[in-house]
Structures are given as structure tokens and as C-alpha cells.
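Form predicted alone, single chain, as C-alpha cells, below.
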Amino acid sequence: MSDTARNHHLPLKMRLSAAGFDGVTLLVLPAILLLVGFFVYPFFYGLWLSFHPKDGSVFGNYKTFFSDPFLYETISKTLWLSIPVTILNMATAVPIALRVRLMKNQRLLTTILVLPITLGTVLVAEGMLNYLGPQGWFNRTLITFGLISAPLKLVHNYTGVFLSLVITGFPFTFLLVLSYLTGIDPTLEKAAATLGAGPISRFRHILLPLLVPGLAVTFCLGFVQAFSVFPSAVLLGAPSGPTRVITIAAYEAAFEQYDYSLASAIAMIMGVVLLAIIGAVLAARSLFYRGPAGGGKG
């Protein structure tokens, strides 16, 4: 009897198990269905919709976007916000994480630093309006002590959105950097110190090369978070001026012009820009370090 005929007489459960579809594997099916239903299908539907504009031409939406400065300039405005914010958050998170990982009350300080994550973007924006607005506590305090004669304009401009992205993005960046730092074997630093290497040399030649893979991933995740800014740009910025980010253009196309095809095209353009930046960062990572993704503890 051939193997095919022999397998045909086996119970269905055994045949599925032999093919790799056992009970444990089938537990993945709900997650796959959710992934397809909430991510894969919407993406391909949006991609299809972006090539079906109102004028009937295939690339009409993309021509409309790149021929209108009011639309295509949103890319540079969004990058001008997201890239500096991501770099600042990383530059701040690394030295703080280096210090925190050596402290005994690490949990308490970490909880304080990540508290803004629990507040949400909208609540942070409302708090900043009450604190940094023209009649907010910050300006009134400075005027009361005679430090300024007129309120500082810290909201409804680029500065307000920038500060909001730093406040909401830093805890996320800090947690990622701290996790990568705590995963580096401390005996590597001790061995270098024994050989006479100072703190700067240890960071430059040991910690930094091992951190580069993690920092690259942290940059990508932080950049995606900052690039998709919307509530802060509306509540704290100037939606028709320097903080008219690309998400606002997509929102206006979908819910003000009711042109869902153009909104889908703008979303696709957002995806291409994100992939280009992320691809460049991950490609540059290999220039600094080639090896495992971290210096594990064992």
C-alpha cells in the first residue's frame, strides 16, 4: 500500500497533525483572521481606492497631491516635526536610562517617567493649553515676578506641538532604551574598566555598538508615533500653517471634502514616506554594527 493510501486511512486529526496543523497551531488562526480583517484587507482596499479618483484617471489623486503645494508641503512639515522630536527623545532617553539602570529605586523613577503614557495625547494637550496658554499658570507666574511683560506664545504654533510630542513620546522611547540597556551583560563594562577604560570609552566602544540595533528600532517606532501626529497638531498647533501635517490633509479630504479616494492616496503616501525613512535607518544600522541584536546576559 502506498504512503498516500495509508495516510488516507488515518484519522483526520492525525493527518492534520502530520501536516503541521495540530491544536496549538490552530490557536494562531484567530490572530491571523484579525490581522487580515483589520490590517491586510483595509490596506489593500485603500490602495485600490487610491487608484480610483473622482475624475476617473488612475493616478489622478497622486497628481492632485503633488501638484498642489498646500498638499505636498505637508510631507516636509510633518518630517520637520517628527524627525527632530524623535532625535531629541532618543538623545534624552539614553543618558537618563544609563543613570536609572544603576539606581536602587529604579521602579519608582521609571513609573514617574512613563506616567505621561497613561494620560493620552488629548489630555496632555488640554493640560498644556491650561498651563502654557496666554492666560496659563506659566505665563501668569512669569508676569507676576516681572520676568516678562507679555505672555510667551507657546501654544497654537510649532512649539506647542513639538513639546506635546516630546512629552508623549519620551516615556515610550525611554522604556525601549532602558530595556535594551538592561539586556547588555554588565561584566563587559567591568572587564573594560579593569583594563583601564574610562566611562566615555566604555560607552563608545562597548555599550554604543551593542545598543545600535536597539536604538535603530527605537528610532523607527518613535518616528512612526511622531509622524502620525494629529490631535496635538489640531489642538496645540496651527492646522493651516506650520503644523499642517499630512494627517490633517487626509482628514480634510475624507471628512470635509468627502473624497475618500484622495484620502486613501494620502494615506498610501504616508506609508511610502514611513517605509523610506525606516528602511534608511535599518540599512544604516549595519554600518555601525554587524552581529547579534543585543549583548545578552548569557
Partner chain sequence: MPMNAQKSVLGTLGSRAWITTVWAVTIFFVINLLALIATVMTSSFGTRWLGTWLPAGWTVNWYASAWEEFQLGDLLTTTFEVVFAVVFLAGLIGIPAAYALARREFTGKRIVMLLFLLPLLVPPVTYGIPLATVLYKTGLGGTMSGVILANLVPALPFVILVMVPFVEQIDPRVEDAARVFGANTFRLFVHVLLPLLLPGALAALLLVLVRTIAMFELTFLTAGPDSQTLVVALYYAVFAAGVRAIQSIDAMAVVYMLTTLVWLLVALRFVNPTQMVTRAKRP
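Residue numbers count along the first chain shown, from 1. All of these numbers come straight from a predicted model, not from anything done at the bench.
Keep in mind that the form predicted together with its partner chain is not shown, yet the notes after this line are about it.
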- Task: May I ask you to check whether Thr247 falls inside a 4.5 Å heavy atom distance of its partner chain in the predicted bound form?
- Result: yes
- Answer yes if any heavy atom of Pro231 is within 4.5 Å of a heavy atom of its partner chain in the predicted bound form; otherwise answer no. yes
- Mark Phe66 yes when one of its heavy atoms lies within 4.5 Å of a heavy atom of its partner chain in the predicted bound form, and no otherwise. no
- Would Leu274 count as touching its partner chain in the predicted bound form under a 4.5 Å heavy atom rule? yes
- Note which of Leu113, Leu154, Leu79, Ala216 lies within 4.5 Å of its partner chain in the predicted bound form, where distance is taken over heavy atoms; exactly one does. Leu113
- Answer option from Val212, Ile96, Leu71, Met90, heavy atom within 4.5 Å of its partner chain in the predicted bound form: Ile96
- Does each of Ile75, Leu147 and Phe162 have at least one heavy atom within 4.5 Å of its partner chain in the predicted bound form? no
- Task: Any residue of 213 to 228 with a heavy atom within 4.5 Å of its partner chain in the predicted bound form counts; write them all down in order.
- Result: Leu221, Val224, Ser228
